[in-house]
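Given as structure tokens, the chain that follows is alone and in the form predicted alone.
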Amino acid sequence: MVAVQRAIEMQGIPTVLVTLDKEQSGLMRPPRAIHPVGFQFGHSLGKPHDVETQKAVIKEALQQLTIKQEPGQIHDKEFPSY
């Protein structure tokens, strides 16, 4: 996914990776990324039908677009509603 992210970024479109595998994603040095702490694989944005948590994850990802970052930094984020 990071290769796709980099290709999109090369077109001038900022992206944010939401990853559940921080270690593996970190090896690829994504331009911007968040790691929802404690989420199960398959629940990148939250559990099915958990609209509030899903909105919170998306809002956090969008917030990352406003912050200057170094490639490869993956920010741990807690979402208590998960």
Partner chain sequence: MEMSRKAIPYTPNDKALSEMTIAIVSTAGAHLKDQDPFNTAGDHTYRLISGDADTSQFTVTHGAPKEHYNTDEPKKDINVIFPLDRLRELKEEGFIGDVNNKHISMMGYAMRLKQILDETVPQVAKEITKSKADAVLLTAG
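This one's a predicted model, so the numbers in the text were calculated from it and none came from an experiment. Positions refer to the first chain, counted from 1.
We do not show the form predicted in complex with the partner chain, though everything after this point is about it.
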query	finding
Exercise: residue 75 in contact with the partner chain in the predicted bound form, heavy atom 4.5 Å	no
Non-hydrogen atom contact residue 37 with the partner chain in the predicted bound form at 4.5 angstroms	no
Neighbours of the partner chain in the predicted bound form among 64 to 79 [non-hydrogen atom within 4.5 angstroms]	65, 66, 67, 68, 69, 71, 72
